[in-house]
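Only one chain is given next, in structure tokens, and it is the form predicted alone.
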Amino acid sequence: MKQFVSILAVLLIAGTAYAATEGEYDLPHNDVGDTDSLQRGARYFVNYCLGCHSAEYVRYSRVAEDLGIPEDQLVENLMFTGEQPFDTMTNSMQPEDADRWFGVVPPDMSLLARSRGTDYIYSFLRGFYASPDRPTGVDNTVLPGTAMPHVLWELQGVPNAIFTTDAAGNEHFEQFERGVPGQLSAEEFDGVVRDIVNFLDYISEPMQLERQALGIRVIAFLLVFLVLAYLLKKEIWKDVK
């Protein structure tokens, strides 16, 4: 019993720590059932992300089928790296070139939403700020020292970041202030990032909507079966005192 209580306490502490960590990120409130958002997210991903990152576990044909994109539009607007619709979403950058240019090979994005969470991605893409001492000219509040450039700078612009220093000499991010303006307002840019996050959430598990729908049907069946089993038990045991 004492061992069980100890294990339960450890799990509660770990869960609290995880919740606190997750709470540091902004919520994207994305919806993988929003096909329009997914289509926009696919376009943004191909235009701004696929040049360095890949999604090697995802096929163009699957994306087109799930998002209702005709094959001619798929080939014309999304397929810049594949030759056939059944090709996977890879890029042409060689790993050794990426390592030389960025100091690290950009990760594959197929399962990023499952491994890091949509909150992390949303906050990361919105966390770039001007940092002249960095090789790319920017840094990130979520991942300090990131090697990734601010690929969405034309849309967002490049804000400045305000930090405060505590008694121990540690810097803490406070807020952004206006820097180099971009093409979009803050609300419009947040919408673009939300669409990208939505698409990454979708490709991390294209079956998730079907899985959720199946789960609801299974639970409904079990509830009906529970009622029938209860009524059957009462009928069988009604004469037993």
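One-based numbering along the sequence shown. What you are looking at is a predicted structure, and each value in this text was computed from that prediction instead of being measured.
Another form, the form predicted together with a small molecule, is not on view; read the next lines as being about it.
Asks: Please pick out the stretch from 27 to 35, 209 to 217, 52 to 60, 173 to 181 that is in contact with the small molecule in the model of the complex, where contact means heavy atoms within 4.5 Å.
Replies: So the stretch in question is 52 to 60.
Asks: Within 4.5 Å of the small molecule in the model of the complex, do we find a heavy atom from each of Val138, Trp153 and Ala186?
Replies: No, the candidate spot makes no contact with the small molecule.
Asks: Hey, in the model of the complex, does Tyr129 get a heavy atom within 4.5 angstroms of the small molecule?
Replies: Outside the cut-off, so no.
Asks: Under a 4.5 Å heavy atom criterion, is Arg114 part of the interface with the small molecule in the model of the complex?
Replies: No, Arg114 is distant from the partner.
Asks: Is there a heavy atom of Leu125 lying 4.5 Å or less from a heavy atom of the small molecule in the model of the complex?
Replies: Close contact exists here: in the model of the complex, Leu125 approaches the small molecule to within 4.5 Å, heavy atoms only.
Asks: Within 4.5 Å, heavy atoms only: does Val104 come near the small molecule in the model of the complex?
Replies: Yes, Val104 is a contact residue.
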